[in-house]
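Take a look at this single chain, the form predicted on its own, given in structure tokens.
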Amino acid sequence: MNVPAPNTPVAGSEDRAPAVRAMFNDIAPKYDTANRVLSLGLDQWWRRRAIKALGESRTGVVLDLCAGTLDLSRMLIDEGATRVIAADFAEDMLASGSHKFTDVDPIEIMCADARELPIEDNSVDGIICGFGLRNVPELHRALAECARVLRPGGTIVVLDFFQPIGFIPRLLQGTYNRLIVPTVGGIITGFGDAYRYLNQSIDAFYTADEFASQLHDVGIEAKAHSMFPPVAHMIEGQLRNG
């Protein structure tokens, strides 16, 4: 039965944070399954590419921002990260992914808002975020926090679905997100409204180049790369030295 998610967020709304948190907590138990099915496994390939783009930073202290069910955190540890800080404000998402780790894994899991991180200045070598910042209101605050906690010269990689440009990307992403994602996501999780929000959140978000410009405003030099298929982008950036 497809039960409408309570308090489904309104894409682009500046006060949507509580509804976004409730939505992700609702879909947390089936989130990984939905991702694998909806992306035909491409989500894991995208994540591996994003980690590779961190370069040498991936073997240092890395912040997994909007960590969700901790897929990226697990991959970072497998890639040799000295320490991973996994932060997300949806506690049930983090709990759903906690089984991926043992007591000896170098990970700190924290329930925290991307707009106000309980992390010291200049304390992480790299930041990675997979499909999360699109859901953060007051995005400028979250990006300023990234610049604050990242060490000068450190690397940030953001993987997300940005507003598409061009006829073919718009057609592919629009058709898939409007027709397939809510239907399949609703069947798997029981919350079709949450997956309708996905499409709306893309329409209300930046293009990849506009997002890179937002990073530039907080001192991070960034560039965008289109992924395959052209429905996702990866943003790579480095914090300027001084």
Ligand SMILES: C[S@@+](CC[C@H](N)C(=O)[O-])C[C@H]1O[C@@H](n2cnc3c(N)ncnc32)[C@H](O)[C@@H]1O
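Here the structure is a predicted model, which is why all the values come from computation and not from measurement. The first residue of the sequence shown is number 1, and the count goes up from there.
As for the form predicted together with this ligand, it is not shown, yet the points below apply to it.
Contact annotation for Ile77: none of its heavy atoms lies within 4.5 Å of this ligand in the model of the complex. A residue is said to contact a partner when one of its heavy atoms sits within 4.5 Å of a partner heavy atom; Ala67 meets this definition for this ligand in the model of the complex. This ligand in the model of the complex comes within 4.5 Å of no heavy atom belonging to Ile107.
Contact check for Ala112: a heavy atom falls within 4.5 Å of this ligand in the model of the complex. In summary, among the residues Phe191, Trp46, Phe205, Tyr31, the only one with a non-hydrogen atom within 4.5 Å of this ligand in the model of the complex is Tyr31. Interface residue among Ala86, Ala90, Ile127, Leu143 relative to this ligand in the model of the complex, by the heavy atom within 4.5 Å criterion: Ala90. Stretch 90-98 is the contacting one of 146-154, 166-174, 90-98, 119-127, since its residues have non-hydrogen atoms within 4.5 Å of this ligand in the model of the complex. Although this ligand is not shown here, in the model of the complex the stretch 149-179 places no heavy atom of any residue within 4.5 Å of it.
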